[in-house]
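Before any questions on how it binds or moves, here is one chain, the form predicted on its own, in structure tokens.
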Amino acid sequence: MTQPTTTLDDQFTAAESRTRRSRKKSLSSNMAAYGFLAPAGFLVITFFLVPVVIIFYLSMTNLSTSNFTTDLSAMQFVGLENFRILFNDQFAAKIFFNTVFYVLVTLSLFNVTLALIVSLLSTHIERRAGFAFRAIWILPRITAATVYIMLWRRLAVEAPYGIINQVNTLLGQTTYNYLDARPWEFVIVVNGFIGVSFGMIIFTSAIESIPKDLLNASLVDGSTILQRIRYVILPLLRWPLLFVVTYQTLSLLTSFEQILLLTDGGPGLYATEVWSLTAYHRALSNYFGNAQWGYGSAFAVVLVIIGVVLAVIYMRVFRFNELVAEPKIEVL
């Protein structure tokens, strides 16, 4: 009795059927995961992706308070005209380099370096003392921005109101308005103290999650505290470092609340003006009373592009694919 022959078409059909069954099985097994991700996905799409699309569209229009009516035809599509005006702005370069200076200095000195130092110090002392020490650093973040800035202004203004100048008067030193004389120092310190708390929380959690066996093994090998930090702790903080550096860079690029309340971009002409504050001024608050929503959106679009480029660069530098790769452990 002859056996029925199997053709290539039959084999292909059987393989395709197995593939479909495998996909259906994988989809059904992941439905619970998709269900848990759905609320977060909805929020991301609604409050992040949709606003970005709207901002991109507005940046190519001339929408402003002068032509904002119920008739949408009053708003004209101008293409890249807003970007041409932006890059021809004589102050755009100054504002851009102000932003670069502000982000680099605040990020390197406070948001990463000082946050890491505070985390290392507070995890190498008695636990309750470390907790109290970290709680003090959180105060600037949880304090209302207006109250926080009023405290700094109370420190920096002229005598007899400024606390620093009151001390200078007692010492016979010259008094002056520190916000006018040293605006960048105050802008960076004010924002830096807020930024320390975020990195401190992330780094502290990462340090305390390191297996105690590794730390004890380094002690058995005779390592000092500095050697243990250098060769054990820091190599295990690549993922937290990537997250803090990326998040804080994007946060500094887009935040302007403290600068607005402290100096409003002054003193003088764009002395401490950053890109995000300029976008706010152009779109919502300017001296001419005409809120240029389309032109301000062009500044915001440039900020979005810069943020995406920096995030990609950070992932390359920190080798993101290696950080999220599956552990290379042989299956027994």
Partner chain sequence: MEVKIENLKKQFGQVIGVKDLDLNVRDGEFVALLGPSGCGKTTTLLMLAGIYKPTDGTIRFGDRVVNQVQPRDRNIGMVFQSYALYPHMTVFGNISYPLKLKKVPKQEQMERVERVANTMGIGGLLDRRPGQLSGGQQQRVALGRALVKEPDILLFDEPLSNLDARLRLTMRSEIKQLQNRLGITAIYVTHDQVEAMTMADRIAVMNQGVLQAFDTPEDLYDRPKTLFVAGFVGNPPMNFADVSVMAEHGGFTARNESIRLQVPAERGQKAAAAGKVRMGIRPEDIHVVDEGDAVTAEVVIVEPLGRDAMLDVRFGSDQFLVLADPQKHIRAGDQVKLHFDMDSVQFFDLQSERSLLWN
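Just so it is clear, the structure is predicted and the values come from calculations on it, not from any experiment. Positions refer to the first chain, counted from 1.
Another form, the form predicted in complex with the partner chain, is not on view; read the next lines as being about it.
- E126 falls outside the set of residues with a heavy atom inside 4.5 Å of the partner chain in the predicted complex.
- In the predicted complex, none of the heavy atoms of A93 sits within 4.5 Å of a heavy atom of the partner chain.
- In the predicted complex, the partner chain stays beyond 4.5 Å of every heavy atom belonging to T254.
- A residue is said to contact a partner when one of its heavy atoms sits within 4.5 Å of a partner heavy atom; V232 meets this definition for the partner chain in the predicted complex.
- Proximity to the partner chain in the predicted complex, taken as heavy atoms within 4.5 Å, picks out 232 to 240 from the listed stretches 85 to 93, 245 to 253, 232 to 240, 189 to 197.
- Taking T146, T174, S209, T224 one by one, only a single residue has any non-hydrogen atom within 4.5 Å of the partner chain in the predicted complex, and it is T224.
- Scanning V220, I142, L170, I136 against the partner chain in the predicted complex with a 4.5 Å heavy atom cut-off leaves one residue, V220.
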